[in-house]
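This document starts with one chain, in the form predicted alone, laid out as C-alpha cells.
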C-alpha cells in the first residue's frame, strides 16, 4: 500500500454509512480518484468543510493497487471558490464543468492540463461579477483542444480568411465552420451561424482565459456558441450525450 499526496478538485460526493463520505475527485497527478473519507459527516470531523464539490484541496490518501476505492487520510483547503455558490448564474456553469470533467476522465488517467483548466475556470467563475456563462464556453472550447478535437473557426481550405465570407454553418463531422465558398457537401448541416458566433468561437480558441468574462456576447450568439461546442464534444465523446446540468443552463 502506497501513501499518495496530490492536489485535487472535488467533483462530487455521496454519503456512505452513517458518518462517512465517498468523494470523486480530479487529482493533479493521478487522474480521477474515488476516496472514502471515514467520519467526514460527523459533527467533530477533522475534515470540516473541505470535502464539498468545487473545492480545491490538498489530499493524502492510501492507495492499494487494484482497489477502486482508496482511503483518505488528510485533506486541507487550497481554494474553496466561495463565490460560486453565492449566485445561481455562477453555480450552474460550474456544475456543468464538474459534470463534464467527471464523465470524460476515466480511471487514473493523468490529465495535469485538464486539472489546471478546471481550476482556472472555477477560479474565474468564483471571482467574476458578469457573464459567468463565458467561463463554461471557454472551458468547452479549451477542453476540445486538450482532447485533440480542436474546433476550427478561423479558416478552411477554401477560404483563408473565413470572416470575409458569409452564410456560415457548422459541420459536425469535420469539426469546423464552413462558409458559402465551401463545397455543398461540407455545408450539409443544420447548424447555421451568425458572423458574431464564428468570431466568438475563434476568440475562445485563442484565449488563455484572461479577459474571457469581459467578452460581450449577445444572447442569440451565446446560445449558438454553446450549441456548437456541445454538438462538437458530443460527436467525439459518447459520455456527453446526456448531461444532467443541461436543463439548468438556459443555453440550449
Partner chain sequence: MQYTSQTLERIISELSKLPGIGRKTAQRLAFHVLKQPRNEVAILAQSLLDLKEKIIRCSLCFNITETDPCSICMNTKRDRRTICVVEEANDVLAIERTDQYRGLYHVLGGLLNPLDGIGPGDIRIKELLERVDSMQEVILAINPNVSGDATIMYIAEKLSGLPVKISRIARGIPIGSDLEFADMTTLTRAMEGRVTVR
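Keep in mind it's a predicted model, so treat the numbers as computed, not measured. Numbering follows the first chain given and starts at 1.
Omitted from view is the form predicted together with its partner chain, to which the following refers.
Note on the interface: of 167-175, 105-113, 92-100, 127-135, the segment with non-hydrogen atoms within 4.5 angstroms of its partner chain in the predicted complex is 92-100. Using a 4.5 angstroms limit between non-hydrogen atoms, residue 52 touches its partner chain in the predicted complex. Shown alone here, residue 244 lies within 4.5 Å of its partner chain in the predicted complex, counting heavy atoms only. Taking the partner from elsewhere, residue 11 is found to have a heavy atom lying within 4.5 Å of its partner chain in the predicted complex. Though the partner is left out of this view, residue 85 does reach within 4.5 Å of its partner chain in the predicted complex, counting heavy atoms only. For the marked spot (47, 78 and 248), a heavy atom within 4.5 Å of its partner chain in the predicted complex is present in each of the three residues.
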